[in-house]
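Starting off, we have a lone chain in the form predicted on its own, written out as structure tokens.
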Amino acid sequence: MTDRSALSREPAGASLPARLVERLWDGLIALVDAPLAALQRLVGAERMAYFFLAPNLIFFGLFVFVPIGICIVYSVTGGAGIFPFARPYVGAQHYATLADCGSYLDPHSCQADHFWRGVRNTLIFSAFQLVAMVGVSLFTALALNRDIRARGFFRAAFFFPVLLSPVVVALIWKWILQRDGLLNAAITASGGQKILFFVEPGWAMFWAVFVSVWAHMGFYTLILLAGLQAIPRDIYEAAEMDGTKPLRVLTRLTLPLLWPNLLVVLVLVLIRAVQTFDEVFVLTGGGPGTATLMVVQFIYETAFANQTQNFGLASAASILLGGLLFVLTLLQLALARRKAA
């Protein structure tokens, strides 16, 4: 029988297809609602959150925690087998190989010398990139937060490199910086001599840092810009009425109020710098020699690119790198809590 009360609720003049679509939609909602209502009665409303979180937790565990566990197994097993059950247990042998050094400040005295060269280069790269990225992003955010002409255009222009693939970014800059590239063409056209940017170790590291900052500073600028716009305007108006100098406003008002956003930027920049691989690998290939070889590139080459693949040694290096990132993050969070207190 036709539900007269349901028909009476339909808008007057509604067409037959519209009524059919509405009925179909109501049927689908009821079909989904019935099992969810039954589940809620069974487990209670407070525990329903776990049901909705379960897909994401399963996905996260499958593609994060399971690979971490496999990596730990590989780091304590040896042999050339791919499957864990085909690899003999060797204990901490791979970790001992990485730690076997006469002096940690001299990679030549280490058994895994490329690993420690990668550590040294990664620390240098991370230090310079951290200072440059935070400084440039903060300066850009302060400039874009002002009432300037074409502000929307400049915000989009600074963020645009973030949308590009890191490999594309590296290929573009490699085309610009190579021996017969665009930059050397401009230098020779003005009467200068070609500069071999990828042959000199200092130039190679400089451009690795520069390209990384150019490619990612838009993202961190956006974070800082959001923090600047959240600061109440009344504070700046009061400071202006008191005749406070701009530098004092920056150091005593803006930076302290922006500290939570700055902390986020510091953590994200440091983690990304330590994990850098794709841009530097495409740009310099780790050269000249091992001047720009990073830890992640060492892991990649040890596990996949070398003629003799050593999954155990690469996994041990990965675990050490992950542990370093974890400790650095904890230190920065502890610093944030101390400053907040």
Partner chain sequence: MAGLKLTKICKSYGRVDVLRDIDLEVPDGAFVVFVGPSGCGKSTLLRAIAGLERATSGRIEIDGRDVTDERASERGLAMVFQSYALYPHMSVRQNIAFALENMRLPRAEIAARVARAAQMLRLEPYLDRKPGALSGGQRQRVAIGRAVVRDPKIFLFDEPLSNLDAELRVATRKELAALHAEIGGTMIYVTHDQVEAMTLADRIVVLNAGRIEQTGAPLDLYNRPENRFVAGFIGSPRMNFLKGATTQDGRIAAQGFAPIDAPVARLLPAGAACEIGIRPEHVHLVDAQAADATAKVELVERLGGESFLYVRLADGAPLTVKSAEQTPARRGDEVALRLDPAHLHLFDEAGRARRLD
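Numbering follows the first chain given and starts at 1. Fair warning: this is a prediction, and the values are worked out from it, not measured in the lab.
Keep in mind that the form predicted together with the partner chain is not shown, yet the notes after this line are about it.
- The partner chain in the predicted complex comes within 4.5 Å of no heavy atom belonging to Asn145.
- When contacts are judged by a 4.5 Å heavy atom cut-off, Ala132 does not count as touching the partner chain in the predicted complex.
- Mapping the unseen interface onto this chain, Arg151 falls outside it, with no heavy atom inside 4.5 Å of the partner chain in the predicted complex.
- When the partner chain is considered in the predicted complex, Gln178 lies well away from it, no heavy atom lying within 4.5 Å.
- With the partner omitted from this view, the residue of Val167, Ala156, Ile235, Ile82 that lies near the partner chain in the predicted complex is Ile235 [heavy atom within 4.5 Å].
- Exactly one listed residue, out of Met241, Ala92, Ala127, Leu182, brings a non-hydrogen atom to within 4.5 Å of the partner chain in the predicted complex: Met241.
- Although the partner chain is omitted here, in the predicted complex all of Arg248, Arg252 and Pro256 have a heavy atom within 4.5 Å of it.
- Listed stretches are 196 to 204, 112 to 120, 94 to 102, 226 to 234; the contact stretch with the partner chain in the predicted complex is 226 to 234, by a heavy atom cutoff of 4.5 Å.
- Contact residues in stretch 299 to 318 (any heavy atom within 4.5 Å of the partner chain, taken in the predicted complex) are absent; none meets the cut-off.
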